[in-house]
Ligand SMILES: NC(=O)c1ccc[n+]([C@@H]2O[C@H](COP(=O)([O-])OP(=O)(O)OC[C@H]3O[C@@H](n4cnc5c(N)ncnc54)[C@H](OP(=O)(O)O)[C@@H]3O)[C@@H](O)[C@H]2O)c1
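Presented as structure tokens, the chain that follows is alone, the form predicted alone.
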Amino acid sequence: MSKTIIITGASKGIGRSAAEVLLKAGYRCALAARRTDSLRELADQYPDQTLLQPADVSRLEEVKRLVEATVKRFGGVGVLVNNAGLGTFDPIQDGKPDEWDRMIDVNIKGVLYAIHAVLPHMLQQQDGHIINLASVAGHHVYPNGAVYAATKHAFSSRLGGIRQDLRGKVRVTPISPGAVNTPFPENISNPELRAHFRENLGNGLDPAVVAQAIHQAIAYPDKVMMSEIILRPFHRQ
């Protein structure tokens, strides 16, 4: 297994599950997060396959250092899993501009920074795959999530243009999960909404399911591109 994968937001939730699945499958993984302490166990378990790199995706220089460190350690980068994301929720009339700014920095600018940093390497080697963890909020807007949904809708429209620009050069796959049982609600400052999301996400997808979808998209033959994956919880009546 020769592909090297960068995973942003790898310290918890979907990113952590993706790291576990992909390392077990034999891939080499650069695991990036603002804090990498919780990833030390994986690095100890897979010492030859891992690189731990602190990185805040909203800071371009840190993202560039992440890619440079990956190329130096493994000789290249084949896949970018753009997983780092942030969501805070409020009725628009109660919204907090500083929280909006942070979502825009991470969910929009952070994704673009990572793509910008890896593309020169992928284009030079004439091979690459960009996987972006989007959200069903990029397809359907729901109450209290107008700004979060806006960042995800921007995500979806941007990917269409990126895919056209990179046609025949780099594969692009958006994966849009519905509710996923992760620590995601801890970012919500509104206590009532935080409790609501905690309750709902308890019935959501296991992050390992999303990790399996990421693995599936990567594992397809090079001549196949999974153009979009949408995952939702399914509950039998």
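Position 1 is the first residue in the sequence shown; the rest follow in order. What you see is a predicted model, and the numbers here were worked out from it, not measured in a lab.
Although not depicted, the form predicted in complex with this ligand is the subject of the following passage.
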Next item on the list: Although this ligand is absent from this view, report whether Y27 comes within 4.5 Å of it in the predicted complex, heavy atoms only.
Entry: no
Margin query: Please tell me whether any heavy atom belonging to V180 falls inside 4.5 Å of a heavy atom of this ligand, as the geometry stands in the predicted complex.
Written below: yes
Note to self: Taking this ligand as it sits in the predicted complex, is Y46 near enough to touch it, meaning that at least one heavy atom pair lies within 4.5 angstroms?
What the structure shows: no
Item checked: I14: touches this ligand in the predicted complex, heavy atom cutoff 4.5 angstroms -> yes
Note to self: Taking this ligand in the predicted complex, would L31, L52 and T173 all count as contacting it (heavy atom within 4.5 Å)?
What the structure shows: no
Checklist line | Sole residue of V106, V77, L119, A150 within 4.5 Å of this ligand in the predicted complex, by heavy atom | finding: V106
Next item on the list: Would you mind picking out the stretch of 123-131, 69-77, 82-90, 163-171 that comes within 4.5 angstroms of this ligand in the predicted complex, counting non-hydrogen atoms?
Entry: 82-90
